[in-house]
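We begin with a single chain expressed as structure tokens, specifically the form predicted on its own.
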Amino acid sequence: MNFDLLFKKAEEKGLESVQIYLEETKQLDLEVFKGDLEKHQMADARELTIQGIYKGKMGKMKTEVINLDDVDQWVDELIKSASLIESQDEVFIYEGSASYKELKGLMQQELEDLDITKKMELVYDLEKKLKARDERVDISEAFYSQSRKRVLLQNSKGLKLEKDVNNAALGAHVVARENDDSRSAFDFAQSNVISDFDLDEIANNTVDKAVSQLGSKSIKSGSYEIVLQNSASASLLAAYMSMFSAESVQKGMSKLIDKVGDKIASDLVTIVDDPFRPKSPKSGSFDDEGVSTMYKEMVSDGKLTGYMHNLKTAKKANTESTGNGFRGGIAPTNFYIKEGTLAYDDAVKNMNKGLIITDLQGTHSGTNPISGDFSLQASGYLVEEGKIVQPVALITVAGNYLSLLQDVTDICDDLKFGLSFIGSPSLKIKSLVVSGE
């Protein structure tokens, strides 16, 4: 689609510069529940976002009806929107970075071409494997979700960038029952390469986790050595991601204010924002503002190196944007704690008496991203002399996230990402306060 007419009309009506962000998405969702196809949904969407500077103010409009005959109306809406702005903040549209990294493999045509019946077979087969894994599986559900996103970012300053990326997730949820006890579990894999999906691995991991939690009970309150399993650690990192945003820092809503260069975690901890990871829809060579992205270690060997910036926060801090300007704010790409070399099984074997935490509930309500404090319901396993002796539930773990990072004594080699592409390996923690019996 050619937007030159828009840029021309905007200039004629007095706008200094204009930028468009066109996003086209395709989504497929399949869900099999107890052997039946419960969900088969396909959706296509297009949205055009236009920004324009008029008399020093940034006007903005969005539309899903994209017809170039409406160009005059769009320009008038931009002018009207800009006229309502009272903020005195400087606004600007980016001319473009010196270079952009070329990324290959973000869009795999094989995934698009795979027949829908083959994708359905994947979900049906996975659901069958769930039920066959253990007779205690009472409820079984399998899902497949596939998305494709195409982006065009173009402005009147000559910048034109395009991105095409796809991804799929295959996962399962089960409920296992024995006597009066029931436990649930969830697992998944995500990639844009269809051969990466191992149905047996997903089914076994999901069912074994649920079954192994049957008979869970609380433990005595106290301070325990902890192995924080990768998925639980990733969910906790997600709750505190905003600490690393320059916007939070500039608003006084981060405990990391004035901490650049300081040691905020164990020497073992490195936290990465990597826009170049393969097979991830969060990867890309530019952000929503047209700034080139970059690999960066937000925490390197325990030291805070800086914050994530967009153009606005970078201007205020007299620095450069880090390429994290997304959706009008600041967001990471693929954000994770770098994996170590310790095998997960060895981390457990090396514990005298401790606790494996596999799940944390209520991270949205039980965490404070400003102070770093948390108090969360948890489940897992009690370990004595290197062996799991019982499944554990009905406990609460409490502490401070920065203190937890400082108490990391080892890091495993089992990095895993959540559905939001925030990831972590399993962490060995010196101690956490546990409330139980």
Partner chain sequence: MLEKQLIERLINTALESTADFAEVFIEDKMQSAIMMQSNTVEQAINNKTYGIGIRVAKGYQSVYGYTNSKNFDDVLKLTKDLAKSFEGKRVRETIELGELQTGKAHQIKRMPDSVDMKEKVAIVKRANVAARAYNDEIKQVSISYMDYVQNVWIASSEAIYVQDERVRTRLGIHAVASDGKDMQSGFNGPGAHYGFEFYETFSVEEAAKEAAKTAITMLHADECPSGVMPVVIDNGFGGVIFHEACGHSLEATSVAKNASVFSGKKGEQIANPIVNAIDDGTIENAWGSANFDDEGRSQQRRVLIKDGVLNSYMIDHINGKRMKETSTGSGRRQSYRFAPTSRMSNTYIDNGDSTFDDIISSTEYGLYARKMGGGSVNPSTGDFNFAVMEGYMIRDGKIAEPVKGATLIGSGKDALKRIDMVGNNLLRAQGMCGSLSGSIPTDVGQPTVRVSSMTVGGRKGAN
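Each form is matched to the other, and the largest set of C-alpha atoms that superpose within 1.5 Å is called the rigid core. Positions refer to the first chain, counted from 1. All figures in this text were calculated on a predicted structure; none of them were measured in a lab.
What comes next is about the form predicted in complex with its partner chain, which is not displayed.
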(Q) Within 4.5 Å, heavy atoms only, one stretch in 339-347, 178-186, 201-209, 279-287 touches its partner chain in the model of the complex. Which? (A) 178-186
Q) Ok, G158, G105, G261, G252: which has a heavy atom sitting within 4.5 Å of its partner chain in the model of the complex? A) G252
Q) Which one of D89, E162, E135, E110 is close to its partner chain in the model of the complex, taking close to mean a heavy atom within 4.5 Å? A) D89
Q. Quick one: is K62 in contact with its partner chain in the model of the complex, heavy atoms, 4.5 Å cut-off?
A. yes
(Q) Can you tell me if K118 lies within 4.5 angstroms of its partner chain in the model of the complex, counting non-hydrogen atoms only? (A) no
(Q) Taking any heavy atom pair closer than or equal to 4.5 Å as contact, tell me whether Q377 reaches its partner chain in the model of the complex. (A) yes
**Q.** Contact of D36 with its partner chain in the model of the complex (heavy atom, 4.5 Å)
**A.** yes
**Q.** Residues from 356-375 in contact with its partner chain (non-hydrogen atom within 4.5 Å) in the model of the complex
**A.** Q361, G362, H364, S365, G366, N368, I370, S371, D373, F374, S375
**Q.** Core superposition between the shown form and the other one, C-alpha change of K80 at least 2 Å
**A.** yes
Q. For D89, is the C-alpha shift between the shown form and the other one 2 Å or more after core superposition?
A. yes
